[in-house]
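The chain below stands alone and is given as structure tokens, in the form predicted alone.
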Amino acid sequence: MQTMIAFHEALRLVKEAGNARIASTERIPLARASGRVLATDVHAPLPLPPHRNSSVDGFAIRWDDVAASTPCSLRVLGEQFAGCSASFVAQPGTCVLVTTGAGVPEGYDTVVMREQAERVGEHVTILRAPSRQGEYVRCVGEDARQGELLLSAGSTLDAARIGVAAACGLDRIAVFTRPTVAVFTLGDELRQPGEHLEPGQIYDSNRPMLQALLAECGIESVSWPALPDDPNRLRAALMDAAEVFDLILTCGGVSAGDKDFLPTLLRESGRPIFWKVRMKPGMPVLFGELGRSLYLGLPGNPVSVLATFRQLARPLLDSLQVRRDGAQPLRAKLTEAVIRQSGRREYRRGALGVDENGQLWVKPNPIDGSHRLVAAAVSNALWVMDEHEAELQAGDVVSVEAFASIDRWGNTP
């Protein structure tokens, strides 16, 4: 087991372990595909759009009839509505009324908006000529050619991509199966919200917070009440879970205290990969394999849970689902100077905002204790100081991860 490794090495090992697992696939209805990871490439089975159609309500005309001069009068042969297919023979001096999405009959090459024409009976006066031939006509395959690659395996199915799949006529789609996740929190001092607190006890905030973080990733986890600091009960519970789940997440019990039993448990019953990462908060994070499961042990302090989940657990979940377009950090300028002792990659809380010029800024939160959950709740981002950085100046650019809505600032800070 590697101990005290750099963050980038820990991230590489986490992704490598996730990628080594063979992800299964399933076909699901398109209506349930939001947020899932596409398992196969999608090529256009037909051109999009499949037929010439009008982009506006108006009249399909022959460019030659109006190019010379306007106003001009044309005879209306009939009407073409979306979803219908009438047969018209284009003749000089004629037009056809079309609605948005309706097919443009052969022989007509341009559409005039209804607002630029006046109809009286079977004749229409074109008040103003279109700006070009082909105006307001959507051509066959304009959006995509038949056979063109539209969606790549590994991409997350968002609203637009689901719309593309529907436009191709797909009612079901192949996606990678989501990993099953077991969540355990550890500690004799923990009580569940709603229970009575005795002296020395605290409420378990990590359990519901982890469930919420997993839900943000689209994962519905199975969570147990807090386990006591008992090595035998810990071993029994975790080994049972290790036969069923793809990933086990724990909070607490991973440091070097008298009741931190998990490093020893993983050495004796599993395969440790690393223990301790040069990051703050979250240094004593523990990773390895237990039974059929991957195991990720997070520290017990709640801000450490937030940082290690976002920086290590989420990339692991992405790897297990073969996701290729996971969240990428933003770049923002610091509003003020920051000085610290270097040595670990540090994730600091801050307020991320955008000024009137579109520039992103992050204002550091001076509270940095890993137990200070309220300070994390009033922040909307984590920003990064690399291992070698001891001092940053106002205006320096840093990596930032937003975990809530970005603030709008009227002026540059």
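Residues carry their position along the shown sequence, with the first being 1. What you are looking at is a predicted structure, and each value in this text was computed from that prediction instead of being measured.
Not on display, but discussed next: the form predicted in complex with a small molecule.
With the partner omitted from this view, the residue of 80, 255, 321, 221 that lies near the small molecule in the model of the complex is 255 [heavy atom within 4.5 Å]. Shown without its partner, this chain lists 73, 205, 342, 116 as candidates; in the model of the complex, only 205 has a non-hydrogen atom within 4.5 angstroms of the small molecule.
At the 4.5 Å threshold, heavy atoms of residue 251 reach the small molecule in the model of the complex. Interface residue remark: residue 110 is not counted as part of the site for the small molecule in the model of the complex, having no heavy atom within 4.5 Å.
In the model of the complex, the small molecule sits beyond 4.5 Å of every heavy atom of residue 217.
Remark: residue 148 does not count among the residues lining the small molecule in the model of the complex, judged by a heavy atom distance of 4.5 Å or less. Picking from 154 to 162, 80 to 88, 295 to 303, 233 to 241 the stretch near the small molecule in the model of the complex, with a 4.5 Å limit on heavy atoms, gives 295 to 303.
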